[in-house]
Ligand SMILES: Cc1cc2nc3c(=O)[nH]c(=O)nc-3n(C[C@H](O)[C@H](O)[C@H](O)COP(=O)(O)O)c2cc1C
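Just one chain follows, in the form predicted alone, and it is written as structure tokens.
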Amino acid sequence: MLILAPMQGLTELLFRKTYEHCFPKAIDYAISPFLSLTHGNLADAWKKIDDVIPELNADSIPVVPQILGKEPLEFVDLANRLYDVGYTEINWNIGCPMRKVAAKHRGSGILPYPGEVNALLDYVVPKMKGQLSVKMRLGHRSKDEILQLIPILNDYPIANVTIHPRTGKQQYSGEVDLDAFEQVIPQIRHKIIYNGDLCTLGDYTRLVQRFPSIKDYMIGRGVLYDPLLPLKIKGVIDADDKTQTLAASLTFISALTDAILSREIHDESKMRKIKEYWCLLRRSLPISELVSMKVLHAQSLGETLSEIHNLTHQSERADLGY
């Protein structure tokens, strides 16, 4: 099973709907970008619920809402509200490496404190109407922190555990620690989902060969680097067909740009959002990073769209051998 990773500001509803429209069933389901309990203020989390309103997600990739926070009362309240609108699983984010988040013992910042993890699970799990899953890292400061957490996780009926084999302090730098990941697999009694640096078909093949017991994989930036990656993994398309990959990338870039343009926001906000996606999606095109920077240097929405048009047209011509 292939799961779309939660990437704040990127894998939101607009992206998920557009991706599902362009590549139906390529992704089995997604974890939503987190809904924050924000210092225990449930109102702030509930205001941002639009991303997981079931009616809006009807023609999108199926989604599991994710909660970031450590306030047990508010957690249960939000989780049960989400259950009441149709969600039978809630994911708890204890992997976010953002410094401001971690400093408050949220995200990966709670991992060095097994007592706090246990206290929340002890209160939340019996009171939740649905199931709880967890997305985590090996630790925040040390990769060994997960070893203190495994016995705690094993004590609760958790739906699954997604592990990104880095520490929070690493952010997204350095290598994923596959040796440490391999060490914890037999110790966890729940279904394990792998997440981290899965960007090519080769990455997937190597992971499957090394970890045959792992059946579910979460993909983040790999989907933006190559929108056809999930279909390549599933064997639906020929991974060596560069023409098909390029055509799919161009289609998706166009569809996502149109979706952003249709939003009722200021032109400057549209330009920022388009550039944010372009930084990742441009990797799927046969253009250099230096050339692709023309989009980021554009000063207006019109100039941004013009540069994207020129570069995508240039990519088409390059693929045809002109």
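Given the structure is predicted, the values throughout are model-derived calculations rather than measurements. Start at 1 with the first residue shown and count on from there.
The following text describes the form predicted in complex with the ligand, which does not appear among the structures shown.
- For the options Cys22, Leu311, Leu10, Leu305, the one in contact with the ligand in the predicted bound form, meaning a heavy atom within 4.5 Å, is Leu10.
- Of the residues given (Leu111, Leu78, Ile90, Ile219), Ile219 alone sits with a heavy atom within 4.5 Å of the ligand in the predicted bound form.
- Residues placing heavy atoms within 4.5 Å of the ligand in the predicted bound form fall in a single listed stretch, namely 219-227, out of 152-160, 219-227, 243-251, 203-211.
- At the 4.5 Å threshold, heavy atoms of Thr167 stay clear of the ligand in the predicted bound form, well away from it.
- In the predicted bound form, the ligand sits beyond 4.5 Å of every heavy atom of Trp278.
- At the 4.5 Å threshold, heavy atoms of Gln66 reach the ligand in the predicted bound form.
- The closest non-hydrogen atom of Tyr172 lies within 4.5 Å of the ligand in the predicted bound form.
- Residues Asn195, Gly196 are the members of 182-196 with a non-hydrogen atom no more than 4.5 angstroms from the ligand in the predicted bound form.
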